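Take a look at this single chain, the form predicted on its own, given in C-alpha cells.
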C-alpha cells in the first residue's frame, strides 16, 4: 500500500486514527498541495476528486475520503475498535461523525477557504468570500451545540473514544491555527479538546 500525505486537517485525521489503532501507514508519499501537485494529471489519475489524502492498495485500487480510509483501516485492524464492535456501536459512531462533519467541520473548512485560504483555493474551486463570516459562525454554532451534548463526558460518543473524536480533533486543531479557535466559554468542548490534544496520537 501507499499513503499519499500532505499538510492539512484531512491527512492529519487519518494519521491520528492510524496512530490510535497502532496501524502503520505504509510507503508514505508527500504531495505538495501548495503548488497544486494534487491537481496534476499523475495524482488525479488516482483520485479524480484531487482531494487529500488517498490510500493506494496493493492491487492498485485507490481509496480516498478520510472516513472511508479510516473505515478500511478499522476493517484491516479491528482492535482497538474506534468505530465499534457491534452494529449498534458502529451506527452510533457514524451518527456522531456525520453530526460533527456537517455542523462543525464542513463550515469551518469552507469559512477558511473563502477567507484566509482564498489565495490558495481561488483558482481551484468556486468561492464566495462574502459567506466566510456566516460559515465560521455556523461552525461556532455547531461547537456550542456540541458543548451541551457532551456535558458530563469527555468523549463525543458516550463512554468511548472513537472516530468522531479523531475527526473533530483534527479539524478543531486546524481551526485553532487559522483564526477559528474554540470559544473559551465552551467549557465542555474546551476540556474535550485539551484531553484529545494530550493523547500520544495527537502529534501524528
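For clarity, every value in this text was computed on a predicted model and none was experimentally measured. Positions refer to the first chain, counted from 1.
Keep in mind the form predicted in complex with another copy of the chain is missing from the figure; the text below concerns it.
Q: Honest question, do 71, 88 and 127 all end up within 4.5 Å of another copy of the chain in the model of the complex by heavy atom distance?
A: Result yes, every residue of the spot touches another copy of the chain.
Q: Answer for residue 38 alone: is it within 4.5 Å of another copy of the chain in the model of the complex, judged on heavy atom distances?
A: So residue 38 does not count as contacting another copy of the chain.
Q: With a 4.5 Å heavy atom cut-off, would you call residue 102 a contact of another copy of the chain in the model of the complex?
A: Yes, contact at 4.5 Å.
Q: Heavy atoms within 4.5 Å of another copy of the chain in the model of the complex: does residue 63 have any?
A: Heavy-atom contact with another copy of the chain at 4.5 Å: present for residue 63.
Q: When the contact criterion is heavy atoms within 4.5 Å, does residue 79 count as touching another copy of the chain in the model of the complex?
A: No.
Q: Do any residues of 129-161 have a non-hydrogen atom within 4.5 angstroms of another copy of the chain in the model of the complex? If so, which ones, in sequence order?
A: 130, 131, 134, 135, 137, 138, 141, 145, 149, in sequence order.
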